[in-house]
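Heads up, the chain below is alone and in the form predicted on its own; it's given as structure tokens.
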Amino acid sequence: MTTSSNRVVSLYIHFPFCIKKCAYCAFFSEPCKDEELKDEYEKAVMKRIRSLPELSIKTVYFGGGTPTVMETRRLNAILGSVFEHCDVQSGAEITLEANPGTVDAEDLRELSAGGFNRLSLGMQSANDKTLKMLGRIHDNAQFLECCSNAEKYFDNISVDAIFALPGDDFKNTIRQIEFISPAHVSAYSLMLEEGTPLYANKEKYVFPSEAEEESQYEALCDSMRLHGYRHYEISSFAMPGKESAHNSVYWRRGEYIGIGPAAHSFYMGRRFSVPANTREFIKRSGSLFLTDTDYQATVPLNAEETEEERIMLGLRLADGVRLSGEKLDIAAKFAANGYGSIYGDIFALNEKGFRVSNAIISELI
């Protein structure tokens, strides 16, 4: 397979293990207490890293699942392998997702020393009753302790929160975000995904109305703006200079390679993935670059697909997207109705537009 030397890409490594599955989670993950399996997975990931061609790595992201159930020594060994076998750009953003119930102060110190420079913590809610309902393994006191420990070793911390949760006081979660003042906040409306325990038991709960969900979102946006955050992407708020470099690669259609079961890639004009099977991934880990994926079964995106992606992903960002002709005329009508702004030939959604972005995008593509 022919590849370009020093092609600039981002690297995503998926860790499919967790202590227990959260009630809302539809990502590929599985509870795991098998230390031998974790050892095998570590070795498999390192084999896949060694299979990579000559690339310039722009960002690295360890996601899951819960990467930190792999324990610090394995995570640092894997990151060390990335540095050993890849050309990681100086100052590259290197993110680790962490569950507050799986790391202590010493873990965080060692992870920082190992090269991780950005931490993404799953708070989800500041309310213990809600955390229990969601199946989280931590309570709010543990989250605050984890945050306090993390601040000693990381100056770039992102916090995840969920709104539109049944029976949840989201105002309390907003107040806590204001109190801890992380560099970055990702906030998502609860999605009920088929196949999850929360979906199966949805009749047991009273979910917020559409108006209540809208009110929670607006309260968060108002708070973030007041406290100096920029709402730079539909679900993301950042202090100046702390936008997620890795996620921005996705939204701007930069190239990235995913390692691990169910990991997705966008590379050489194709979108492809690894089968969602941990043991099959381990079994095939010694194969050549991309042969454990469906790369060969996919075809490069055509011009129409590329344009649709450019608009769909670009409108997630506050910077907006460049349009022309009839599409710019359609965008101008949305702007006139208060959903965004036109700057020359660039259409950018505002917070009102973000909330109905799917409808707007469908009109433009």
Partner chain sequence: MYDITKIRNFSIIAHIDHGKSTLADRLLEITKSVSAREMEDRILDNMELERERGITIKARAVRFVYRAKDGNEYVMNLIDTPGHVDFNYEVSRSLKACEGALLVVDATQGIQAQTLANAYLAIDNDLEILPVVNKIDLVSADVDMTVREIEDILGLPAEDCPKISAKNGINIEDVLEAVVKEIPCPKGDAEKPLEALVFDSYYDSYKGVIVYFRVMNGSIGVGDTVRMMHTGSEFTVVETGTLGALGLNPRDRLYPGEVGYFTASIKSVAETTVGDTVTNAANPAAEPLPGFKKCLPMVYAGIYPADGSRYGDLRDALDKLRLNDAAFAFEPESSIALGFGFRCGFLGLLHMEIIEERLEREFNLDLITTAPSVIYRITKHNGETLFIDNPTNYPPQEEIESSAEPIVKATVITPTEYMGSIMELCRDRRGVYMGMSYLDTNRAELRYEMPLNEIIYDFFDALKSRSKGYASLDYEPKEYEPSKLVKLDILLNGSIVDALSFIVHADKAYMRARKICEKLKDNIPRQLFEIPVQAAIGGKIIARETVKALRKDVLAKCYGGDITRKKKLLEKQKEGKKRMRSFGTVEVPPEAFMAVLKYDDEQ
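Numbering follows the first chain given and starts at 1. Just so we're clear, the structure is a prediction, and the values are computed from it rather than from any experiment.
We do not show the form predicted in complex with the partner chain, though everything after this point is about it.
When the partner chain is considered in the predicted complex, F83 lies well away from it, no heavy atom lying within 4.5 Å. In the predicted complex, R316 approaches the partner chain with a heavy atom inside 4.5 Å. Proximity of I234 to the partner chain in the predicted complex: non-hydrogen atoms within 4.5 Å are present. By the criterion of a heavy atom within 4.5 Å, E193 is counted among the residues contacting the partner chain in the predicted complex.
Only one segment in the set 184-192, 87-95, 125-133, 143-151 has residues whose heavy atoms sit within 4.5 Å of the partner chain in the predicted complex; it is 184-192.
None of E255, E213, E280, E71 but one reaches within 4.5 angstroms of the partner chain in the predicted complex through a heavy atom, and that residue is E213. Contact annotation: of the candidates Y267, F289, Y250, F207, the single residue with a non-hydrogen atom within 4.5 angstroms of the partner chain in the predicted complex is Y250. With contact defined as any non-hydrogen atom lying within 4.5 angstroms of the partner chain in the predicted complex, the contacting residues in 336-365 are Y339, F354, R355, V356, S357, N358, A359, I360, I361, S362, E363, I365, given in sequence order.
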